[in-house]
Ligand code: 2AM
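First, one chain by itself: the form predicted alone, in structure tokens.
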Amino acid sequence: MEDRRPKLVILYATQTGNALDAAERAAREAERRGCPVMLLSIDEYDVSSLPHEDTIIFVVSTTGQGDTPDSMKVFWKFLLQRNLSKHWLEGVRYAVFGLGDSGYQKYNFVSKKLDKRLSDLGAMAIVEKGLGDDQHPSGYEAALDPWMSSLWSTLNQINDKFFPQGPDFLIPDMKLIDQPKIHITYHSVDKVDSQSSLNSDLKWIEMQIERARSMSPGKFTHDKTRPNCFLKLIQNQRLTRAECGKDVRHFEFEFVSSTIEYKVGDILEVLPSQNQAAVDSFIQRCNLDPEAFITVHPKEMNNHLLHTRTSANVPIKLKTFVELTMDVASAPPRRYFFEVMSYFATAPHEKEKLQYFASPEGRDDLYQYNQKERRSVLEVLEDFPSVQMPFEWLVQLVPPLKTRAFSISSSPLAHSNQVHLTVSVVSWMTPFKRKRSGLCSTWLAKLDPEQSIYIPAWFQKGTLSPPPPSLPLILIGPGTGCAPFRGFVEERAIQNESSATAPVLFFFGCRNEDGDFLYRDFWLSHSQNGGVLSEAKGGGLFVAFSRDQPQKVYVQHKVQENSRKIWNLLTEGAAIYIAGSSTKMPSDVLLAFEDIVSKEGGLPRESAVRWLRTLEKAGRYHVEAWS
């Protein structure tokens, strides 16, 4: 009897979609070599089945300050059980590829700890773990290409049945390229049941969003299809001076559907509206009918990439589907997009260029053209006018329109029926001097409270847990990192009206006192007359203006200047909260705290490091950082 062909199991854990892209790429490369693949999100896999696997590949990202993606939390908790023996995974072969950013202190932390835990449980690594780095000139793919090459070669040595014709044999791409994973059905208008007249405006918008995002092949979690609520903008205030070079806004929103209960430290996600001219240009460039009614279905009903839901059976206008699910004018497409484009290019010079971009040799040039320049799907299609891609492929490959997450900067105790955000309006110049701007922040900045636009929103628990009134606080929030702490201070001030509260130290940083001292009057008012940041309450407000003197001063310098005050609060059980840019600030602040613990506590440096790790494990050292 012929031996059964081995199947390669690939599990991915993604937060932003990069790990999914890398896992899909590995799956395609394996399939092109004739190897059957099962590709699953790690939360769709039964972790108790691990000992029964022969070979399993993990592609995992690291988020925040060394955190596992949300989809991996249950899987990881299971693996950490103490009753699992060191022989539990004996006989299982595995490989790990991690995606991270070396600008973070805990670079690729999740892939490293997963690799170690699998090994500790008896599994055998096929190849050395791969570590993709966002900071590399070619992004994570610089590490992915050689890692995959080594993986295929080693797998073939272990069992030549993985690749029947060897790891270097590739099935001709045309056999794979004409098979998009989805099918689109077009419906005649007279058969479409229009419900808009039967519903309120809000209900109709909600249905459209859920309908479109339920059908989309983008990996939206089940709770990201229907909004939690709708918000109406009631204030759009610029916090920075025009000449300071930054545009930071204070937004106030009112609940217009149901009111959602949230806590300080929580996250608000909003679905941005795309530029209508860009959407129209995309539809025109692709020769699509914006008024057509469509439904989108997976070709294989059990396909892991797509999910069908009841709302997905109702047709939706093609233009509405594009507007709500396909990021056509902001996010750059992935490498596979260029590969598929090459098969539909009719001009020889365009086909050659696209094939080069999709090849390992062209990887660096593609990264410069695409990611570094942040070219949108629309711009790429306009650069290759002979390409006419079927809509099925576009729906599958255009980056999904994602919600954008912001730290909430208000307390529900201070503002009933409202939620506030502090948003930096993102804009930058590319290496080729092309001006780019953030989709969501630019859209929000242009909104007029008089327009009465309904904004779909989702609330999520943040990484900064709400502190009880009796907990002393040391808050470090330079720039827009002050956002969650505005909510903390508002809440603590209200709690202080009815009973005594613990001291609060707040460290803020910006460039200039006159230019970008965000919420200046708010902080100053709470630092005076017995306010929660006042010295009379044991608190303090400390501000670092980095460019108001010849020598730059940052929050970590202000922290070190107040080492005795900080140490006294820490010995009284204070918690440290840090929020802001993920570049150098969190690690620089951590070094400052290590200095303080070592100096004031009389401890060797190594002991100070361990002391702070213990603080973190006890839930008294919190970091929320973003890039």
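These numbers come from a predicted model, not from an experiment. Sequential numbering from 1, following the sequence displayed.
There is also a form predicted together with this ligand; it is not shown, and the following applies to it.
- Heavy atoms within 4.5 Å of this ligand in the predicted bound form map, among the stretches 30-38, 554-562, 61-69, 43-51, onto 554-562 alone.
- The three residues G509, R547 and S582 all sit with a heavy atom within 4.5 Å of this ligand in the predicted bound form.
- Taking G539, G487, P478, G100 one by one, only a single residue has any non-hydrogen atom within 4.5 Å of this ligand in the predicted bound form, and it is P478.
- When you look in the predicted bound form, the only residue of K113, K246, K317, K402 with a non-hydrogen atom within 4.5 Å of this ligand is K246.
- Within 4.5 Å of any heavy atom of this ligand in the predicted bound form lies no heavy atom of E600.
- This ligand in the predicted bound form comes within 4.5 Å of no heavy atom belonging to D595.
- Contact check for E572: no non-hydrogen atom falls within 4.5 Å of this ligand in the predicted bound form.
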